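Shown next as structure tokens: one chain only, the form predicted alone.
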Amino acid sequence: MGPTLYRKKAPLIAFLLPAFVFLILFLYYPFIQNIINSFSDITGLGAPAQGLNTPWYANYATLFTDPKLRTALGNTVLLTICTVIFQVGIALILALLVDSIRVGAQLFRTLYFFPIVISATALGLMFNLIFLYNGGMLNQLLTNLGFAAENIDWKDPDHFLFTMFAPVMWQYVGFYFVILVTGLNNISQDLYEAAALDGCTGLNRVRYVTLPLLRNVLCTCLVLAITGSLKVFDLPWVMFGAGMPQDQGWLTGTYMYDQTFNRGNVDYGSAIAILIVVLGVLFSNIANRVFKPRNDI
């Protein structure tokens, strides 16, 4: 049955062709059109291009002189660092803890993964209520416990980065948690038993057995975390919108959206989108080289 199926190419093409057409229409064509738009003169959303810019690379030259974009890039790099440390780090700790218990493990897996299935809009509204200046849950908690004498404005220039990053960190910990738990489940218990016979227990077991065998899974999580942080848009936009504190709260995703849909700079927004893609490819290649998966484990 198997060899016969692969000798007949028509059924394979029949199944592959719709997916291929879908990719061309909704991925490759928009991407190529976005590249063309980045060199074109487009005066508004939905307006036709007025030919190429003068000079044709004007939008890309603006990328190097736009102070708001520099701020967005700085915040995005900081978000990337926090993503690697906190999202993947906390997910690894939770995965190790859940993997070490036998009663209630499935419950914890469901609870930690649950934020992923909630829409970003709902999460943004929920965290807006948590961080409300007057009457928000966090301010009430801090004042009642005596940690704060008065309500804190969590969206002021001194606190907005924490307010923006915390929901993003919280939402996607469960995503990496599930990946890491799956990797832990693939480690044979025989290896742990052999390590125990050699006196390797507790943290030493994690250091010398678990982490080396989890290396490839961790590499995958790190690459996903780095590239995903470049595209973060939904939660920060729901919480802050275009009202970023003193124009210091932009991310590359939110700034691209603002330029394209709010200000009508479709061509410049397309150039920012290309920049995000280039940075994603660059950072993912660097991460792959630094955290190169090994084939011997």
Partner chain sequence: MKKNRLLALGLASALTLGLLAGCGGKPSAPGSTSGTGGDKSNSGAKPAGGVELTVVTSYGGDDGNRSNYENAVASYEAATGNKIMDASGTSNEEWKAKVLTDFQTGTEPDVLFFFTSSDAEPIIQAGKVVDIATIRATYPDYADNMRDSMLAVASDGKNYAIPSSGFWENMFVNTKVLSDCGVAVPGPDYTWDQFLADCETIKAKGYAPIACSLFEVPHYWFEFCIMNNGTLGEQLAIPGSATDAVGQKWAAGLNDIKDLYEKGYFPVNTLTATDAETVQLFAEGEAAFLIDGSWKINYFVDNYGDQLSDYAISYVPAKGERKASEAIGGISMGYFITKKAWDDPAKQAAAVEFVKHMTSDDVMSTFVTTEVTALKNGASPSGLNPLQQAAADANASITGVIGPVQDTITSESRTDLFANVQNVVTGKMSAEDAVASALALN
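Here, rigid core means the biggest group of C-alpha atoms that superpose within 1.5 Å across both forms. Residue numbers count along the first chain shown, from 1. Note that the structure is a prediction, hence the values are computed from the model and not measured.
What comes next is about the form predicted in complex with the partner chain, which is not displayed.
Using a 4.5 Å cut-off to the partner chain in the predicted bound form, not one of Asp66, His159 and Ala194 places a heavy atom inside that distance. Figure note: of the listed segments 84 to 92, 147 to 155, 200 to 208, 70 to 78, the one touching the partner chain in the predicted bound form, with heavy atoms no more than 4.5 Å away, is 147 to 155. The partner is absent here; in the predicted bound form, the one residue of Asn185, Gln189, Asn134, Gln106 having a heavy atom within 4.5 Å of the partner chain is Asn134. Using a 4.5 Å cutoff between non-hydrogen atoms, Asp41 does not count as a contact of the partner chain in the predicted bound form.
Using a 4.5 angstroms limit between non-hydrogen atoms, Tyr60 is distant from the partner chain in the predicted bound form. The shortest heavy atom separation between Leu45 and the partner chain in the predicted bound form is within 4.5 Å. Although the partner is absent here, Gln50 sits far enough away that none of its heavy atoms falls within 4.5 Å of the partner chain in the predicted bound form.
Although the partner chain is not shown here, in the predicted bound form the stretch 244 to 263 places heavy atoms of Met244, Pro245, Gln246, Asp247, Gln248, Tyr257, Phe261, Asn262, Arg263 within 4.5 Å of it, in sequence order. The two forms, fitted on the rigid core, differ between the shown form and the other one by 2 Å or more at the CA of Ala14.
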